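Coming up is one lone chain in structure tokens, specifically the form predicted alone.
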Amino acid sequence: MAGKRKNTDVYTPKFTLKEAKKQWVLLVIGAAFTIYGLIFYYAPLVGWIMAFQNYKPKKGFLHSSFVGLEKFKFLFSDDAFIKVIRNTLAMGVLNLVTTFIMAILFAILLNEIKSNLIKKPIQTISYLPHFLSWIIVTGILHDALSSSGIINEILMNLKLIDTPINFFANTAYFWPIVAFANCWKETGWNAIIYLAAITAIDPCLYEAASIDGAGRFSKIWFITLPSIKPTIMILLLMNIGNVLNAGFEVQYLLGNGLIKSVSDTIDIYVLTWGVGNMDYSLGTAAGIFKSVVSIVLIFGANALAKRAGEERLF
């Protein structure tokens, strides 16, 4: 019986000293980024031990008393922490849906503009908010939505309201305001990768569709969207892991005592307990919970994508 034939068609590159000398610049750059990651991303994980201690700065890691899961038990018995989980998830999902969908729609609509004289300025203007700090963005929002702001003036001039609305005193308005702020700030920037994916589509597909009598909407639905579907899936999986990163600056800057019940997030909770109340152990425990949930979401979403036969991260 003939033995198994080996596959000799697959080329396996060999790392040799000669190759290393040729690629020394890339190796140095790669080593620099590896060292940076180890120092700033992995070394700080040693601090997670604080979540299992009654950490005291004067005593340090070695002499602080070990309390096991007591800090985690306190977290999940604290009504305030349950509320911030709800707030973080709600704002994270709202941000994901609005920014994700709007970026795709904006990229498609921008691609439909044929004149570069119009297209290029719109692209440039749409990117600008991304480079603004949240201090500036929240300042603009606060002025626009204040009792004497432009939004209240427009609504009153249109006779839609009789008295100005205090947007920052009503809990019903806060989550939509945060979603709008994120959408306005990031839509143009997030659309860049979708525009790049759209430009890679073979123009012959659109020409063939035109010959068959397809209109613009049909081309978008049957050519553009299916062609950028892999990009959409990969970015969706990555963004799902960031659901609990609902934000800190916008909630902290726009929040106040009247809407605290809906404005506080896990990051603000960590700041309040870890820095404000000097309970570093509790703040670390809350941060670990956030990280673990994010990892679970990424792996879960990736497994669902794999089962459905879609593009996945790994």
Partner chain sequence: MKKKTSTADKVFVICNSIFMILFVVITLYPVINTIAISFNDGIDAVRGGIHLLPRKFTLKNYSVVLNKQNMTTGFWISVLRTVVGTLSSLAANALLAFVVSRKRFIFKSQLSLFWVITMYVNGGMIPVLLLYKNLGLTSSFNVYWIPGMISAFNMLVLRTYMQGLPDSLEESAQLDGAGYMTVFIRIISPLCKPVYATVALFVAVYQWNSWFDTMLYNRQKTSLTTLQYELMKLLSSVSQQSGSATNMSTTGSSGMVTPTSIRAAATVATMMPIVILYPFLQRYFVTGLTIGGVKE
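The model shown is predicted, which means the values in this text are computed figures rather than measured ones. Residue numbers count along the first chain shown, from 1. For the two forms, the rigid core is made up of the largest set of C-alpha atoms that agree within 1.5 Å on superposition.
There is another form of the same protein, the form predicted together with its partner chain; it is not shown, and what comes next is about it.
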| property | result |
| --- | --- |
| Contact label in the predicted bound form: residue 263 to its partner chain, heavy atom within 4.5 Å | no |
| Residue 216, heavy atom within 4.5 angstroms of its partner chain in the predicted bound form | yes |
| Proximity of residue 20 to its partner chain in the predicted bound form, heavy atoms at 4.5 Å | yes |
| Residue 284: touches its partner chain in the predicted bound form, heavy atom cutoff 4.5 angstroms | yes |
| Among the candidates 236, 93, 156, 140, the residue which, in the predicted bound form, approaches its partner chain to within 4.5 Å (heavy atoms) | 140 |
| Heavy atom within 4.5 Å of its partner chain in the predicted bound form - residue from 161, 80, 205, 128 | 128 |
| Candidate stretches 85-93, 98-106, 69-77, 171-179 - the one whose heavy atoms come within 4.5 Å of its partner chain in the predicted bound form | 98-106 |
| Within 46-83, the residues that have a heavy atom no more than 4.5 Å from its partner chain in the predicted bound form | 47, 48, 50, 55 |
| Residue 30 C-alpha shift between the shown form and the other one of 2 Å or more, rigid core reference | yes |
| C-alpha of residue 39 moved at least 2 Å between the shown form and the other one on rigid core | yes |
